[in-house]
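Provided below as structure tokens are two forms of one protein chain, presented individually as structure 1 and structure 2.
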Structure 1
């Protein structure tokens, strides 16, 4: 057995199936998307090289830039609204003495639910006549809101739904980091007379910054590939006001059989994601030092 484990071909044998699948479902499609992104192709006939025409078309399309702007909204909402909420609730749950497991399970449940189910559920909550939010508004004397069909509220409604789905997943990550901090550090701060607020802001949050950095990185990546929740709830409406780059790709590339143009949008999504993650790593993530207790 030991002789077998010393043989490097043993590890190659175990890694080979995974490597084959990785090449088939990631490397090859990515290379194919890059090549066909420079072609005019409807998926059936022979593709024809057309240079940068597809990319010029995208950059000159106002609806494409609207989708890019909506991806930016996803990122800003995730980083500046969702992440502080995640930290706040993680700190609250970490100080609970009883039923902590119940709270962790309760906040985590939405992240394991199907996006289609969540989209339908929240569509009922946003329903103009019998939806929960409008019932509350009418009870306090306010006018009901057309949450998903009003251009002023549709994007916010989707952002809120998406945050509700994934906040619990990140809370569990941050909570695990908080609970891994040695109890002696917090006890020493209590002895020194530090309040709960100071212990949270001066000790706990700085110590878990590496995990928070990972949460921010995952939030940015999730914002760049958001599509399913939009398709279920608004399908990009009203009038394309809630389209993101992924739904724009589906609507103007795949649905209209413009696969060359669709692949060019996929390439742009990849490049934008790469640039954002690289900028975040260089400007912020590298400044976060790894903490050892």
Structure 2
């Protein structure tokens, strides 16, 4: 028994392909980013160490800060706009019996779609002349808006599309949490004469705080990942106003082959994600009590 499952060669053989790929595509790139991030390197000449110059350059670049703030806008929009909507509609769906399956299936549809295709679809909706939004605006007698090329509206338009794609996904997650609350808790409150609103705000919402905290964590992770939707819809435009850190990195690192500088931005993405995770732990995760039924 022990001999069969304690053969060092078999053990190594089973793990080898996995570890080779993992080291090649996770460990090595991470080390590479952290070393070349401190170098001047454009891909043609030999890289040479230049200390914190890349990072100083980034911190002095307004466009870099613009992209950091845009990552922040993704997070704020999810926490303060999306989360209340998610809670509201999850509560509604959990309260109906008829059509519940249909609502759940339908709201989830956009989250299985490719973000690139969603971006194409929504650029059509935002199209100035024949897009859905401007056709509605002109029909009710309002001025059309240049959704994606007006610097006041471009970021909002992207945030709206992103929210449209992911709200349903989170609704299904929160709904599952609501439906796993034992019925007796709600029934006891009904017997005590609590109104539907009171039951929702005093019982259901506190009980689903753990899953809401997960939704917030996933929104933060999603905000740091956002890039494809921006490349497809505005490509950072107009004038870099919709760039996020990832698209800023791509512009310098891949499009202009500034390998050293690009990797220093990669290091900053890593550090900012780390800081956000720590902040999230302090602000949300620690405060949430897990309730076992």
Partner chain sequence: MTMTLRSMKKTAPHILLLGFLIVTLYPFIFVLFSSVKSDNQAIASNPFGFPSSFHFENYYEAWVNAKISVYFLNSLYISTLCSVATIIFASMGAFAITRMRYLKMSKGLYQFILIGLLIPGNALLLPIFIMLNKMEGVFGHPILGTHMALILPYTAGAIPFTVIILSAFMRSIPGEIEEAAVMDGLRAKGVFWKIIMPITVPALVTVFIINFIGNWNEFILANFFISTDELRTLPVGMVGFRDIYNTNYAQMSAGIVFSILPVMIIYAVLQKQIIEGLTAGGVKG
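Definition used throughout: the rigid core is the maximal C-alpha set that superposes within 1.5 Å between two forms. Residue numbers count along the first chain shown, from 1. Please read all numbers here as calculations on a predicted model, not as lab measurements.
Looking at both structures, it is structure 1 that matches the form predicted on its own. Annotation for residue 62: C-alpha shift under 2 angstroms between the two structures, rigid core superposed. After superposition on the rigid core, the Cα atom of residue 43 is displaced by 2 Å or more between the two structures.
Once both forms are overlaid on the rigid core, the distance between the two CA positions of residue 24 between the two structures is 2 angstroms or more. When the rigid core is fitted, residue 12 shows a C-alpha shift of 7.9 Å between the two structures.
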